[in-house]
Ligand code: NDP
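We begin with a single chain expressed as structure tokens, specifically the form predicted on its own.
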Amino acid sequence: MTAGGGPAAGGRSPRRVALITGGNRGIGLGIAEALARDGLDLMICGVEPEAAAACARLAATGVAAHYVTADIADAADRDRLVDAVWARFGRLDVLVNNAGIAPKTRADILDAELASFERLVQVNLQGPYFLTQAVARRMLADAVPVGPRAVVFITSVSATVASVDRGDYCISKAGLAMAARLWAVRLAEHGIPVYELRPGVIRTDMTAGVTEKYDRLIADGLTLERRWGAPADIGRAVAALVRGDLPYATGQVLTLDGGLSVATL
């Protein structure tokens, strides 16, 4: 599914190209919109069968937007996704590892189920870790010079803030934080900066089921800035990283949580 301009399949985009996993909704779409405004052609993916509305919104900025149905936890889907990027655009400059899931049921760690743990680790950690491997190999094998490149991992404040009713999610995000650091070390010699961005409480469909809870907590001072975060907040930060507005900072963590993680007395 493609919207907007861009090269014919098999051509090479004259613009920088970004792949955003989970880019058809929520934080991912906020990131995609920000990068589209900066003129990047976009490949987005998700597990939904189609994303016509998201592609149309992105194409309205004048860039090309292509959607592929893919589960990043599946090795064959990852390979197919990477192949689709090069088949459609002939290049890739930016990878944003955004796709992730929350546990279907929040459960105290005394009652945690193995199946939920395994699924979250597969999607939230194993998937982006090996997708980055596949993308990095193709980037480094690309003999044609490309524009500035970057990799961004979207983790969560849950990488360090413990929630005993969703331990599987916390552990998957903590592991992803280390993955970001590892890839920063490995890709530094090739001039590819890698960043980790940790959102706090962001208003998306993933948090819709706990809206009342967080409305109350935010009002009671959970965050120093007493509002929900928005996907656009994350998008603007990723766009700044991808533009190179924060040079000399590979491997660093940018926390966007409205002050949630600031220790106070």
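Quick note: we count residues from 1 along the sequence shown, nothing fancier. As the structure is a prediction and not an experimental result, all values here were calculated from the model.
Below: the form predicted together with this ligand, not depicted.
Proximity to this ligand in the model of the complex, defined as a heavy atom within 4.5 Å, holds among I218, V201, A59, A34 only for V201. Checked against this ligand in the model of the complex, the residues V123, I192, A177, V82 give one hit for a heavy atom within 4.5 Å, which is V123. For a residue to qualify, one of its non-hydrogen atoms must sit within 4.5 Å of this ligand in the model of the complex; none of R15, D38 and A136 qualifies. At the 4.5 Å threshold, heavy atoms of K173 reach this ligand in the model of the complex. Although the partner is absent from this view, E48 contacts this ligand in the model of the complex, with a non-hydrogen atom inside 4.5 angstroms. When contacts are judged by a 4.5 Å heavy atom cut-off, Y169 counts as touching this ligand in the model of the complex. Contact check for A70: a heavy atom falls within 4.5 Å of this ligand in the model of the complex.
The candidate stretches are 108-116, 150-158, 182-190, 84-92, and the one lying within 4.5 Å of this ligand in the model of the complex by heavy atoms is 150-158. Of all the residues from 83-103, those having a non-hydrogen atom no more than 4.5 Å from this ligand in the model of the complex are N98, A99, G100, I101.
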